[in-house]
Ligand code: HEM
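Okay, so here's just one chain, in structure tokens, the form predicted alone.
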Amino acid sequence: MPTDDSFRFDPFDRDTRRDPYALFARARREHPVFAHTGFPVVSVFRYADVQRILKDPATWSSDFDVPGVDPGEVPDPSMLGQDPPAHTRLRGLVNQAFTPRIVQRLEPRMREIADELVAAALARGEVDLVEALSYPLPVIVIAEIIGVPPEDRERFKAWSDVAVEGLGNGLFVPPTPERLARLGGVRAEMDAYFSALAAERRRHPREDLLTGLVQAELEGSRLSHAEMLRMLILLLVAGNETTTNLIGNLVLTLLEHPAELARLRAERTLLPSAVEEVLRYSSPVQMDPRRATRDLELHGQRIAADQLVVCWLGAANRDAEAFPEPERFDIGRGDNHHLAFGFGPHYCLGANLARIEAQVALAALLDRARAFERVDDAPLPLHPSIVFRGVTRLPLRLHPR
């Protein structure tokens, strides 16, 4: 596949990570299918191409090995790394826990948690919003859904931090032996934790997701113990990491657009569409990889069977072919068919939960704080994984009503 020496897109470059959008725009125009020099992947940037790839698991598989790593060195994949029908079976076993009706039933508890967290933050005056709200809210909620004690959330944070610190990086650069060893150690700790908790639920069932997974049957196919552990680990990590970044991006983007923040304060009915616009404009998950299952061509470029292809959701969500004035942040944007939660069979299982958590978190801030602003304009620390767009600290000054 030919390359253009005048175009560079390094997903690890810090300036690019902070503001990739000019490069995304050029890529959509000139290099919709881009073979990276020095990296074993091809990147795709246009909305229509990304959507087409994500909805076609027969041609674009989620089941692939990490380049340069012996498959025996990494654990079997969760359902994220499987295709139908195996993926369909696993998703069906857990899907009922995240229906819109069940998530809406959880909303009063989410509001209670958010109000407590924001009240504590206001009492302090200056806080790191990640530590004070955007991390603890989703982790307490997913802990309560699964059925594990919220006081264990510091253990969850330590595990989750290790699990995601290099997530996606291995698609471009093989992970070091030290990174694989750290992942293996955390995996063993999480396996032991959830194995003990599952054994307790077999003896004493409760009204929680863990009990449901222990007892789960779909068309006579019960989850194996290993499948259950992989599912629990996935739900724990995915259930807090993406939403933590969404809440942080929501607040940060509104602070960067004060007229839209004032508009939201005046028109609180725009809260749901404001969350959707942040999902589009500052997508917490920036990319989604697939493996070509056969030789094919895309925009005249040959893609060989087994080639890894990275779909850049963050670029697709700024495509002018899909969104009018895509570079404009508009909390009242209609028909916002963004791809922030993916598309097709792997559409995010927890999308409804993430949306409501983000709305609840921002509503609590708007209700209780007369104003909030950044403490200073120093560059914020980026998430360590190139998969995610987010910051690990967001120092704010809060003013109570």
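Since this is a predicted model, take the numbers as computed values, not measurements. From 1 onward, residues are counted along the sequence shown.
The form predicted in complex with the named molecule exists for this protein as well; it is not shown, and the discussion that follows is about that form.
Segments offered: 328-336, 27-35, 341-349, 44-52. Contacting the named molecule in the predicted complex at heavy atom distances within 4.5 Å is 341-349.
The candidate spot formed by A315, N317 and A322 lies out of contact with the named molecule in the predicted complex, as no residue has a heavy atom within 4.5 Å of it. Proximity to the named molecule in the predicted complex, defined as a heavy atom within 4.5 Å, holds among A121, L234, A216, L264 only for L234. Put simply, of V103, A132, I142, V309 only one has a heavy atom within 4.5 Å of the named molecule in the predicted complex, and it is I142. None of the heavy atoms of R153 is located within 4.5 Å of the named molecule in the predicted complex. In the predicted complex, the named molecule lies within 4.5 Å of some heavy atom of L353. Using a 4.5 angstroms threshold between heavy atoms, A274 stays clear of the named molecule in the predicted complex. For D288, a non-hydrogen atom is located within 4.5 Å of the named molecule in the predicted complex, even though that partner is not displayed. Residues L235, A238, G239, T242, T243, L246 are the members of 235-255 with a non-hydrogen atom no more than 4.5 angstroms from the named molecule in the predicted complex.
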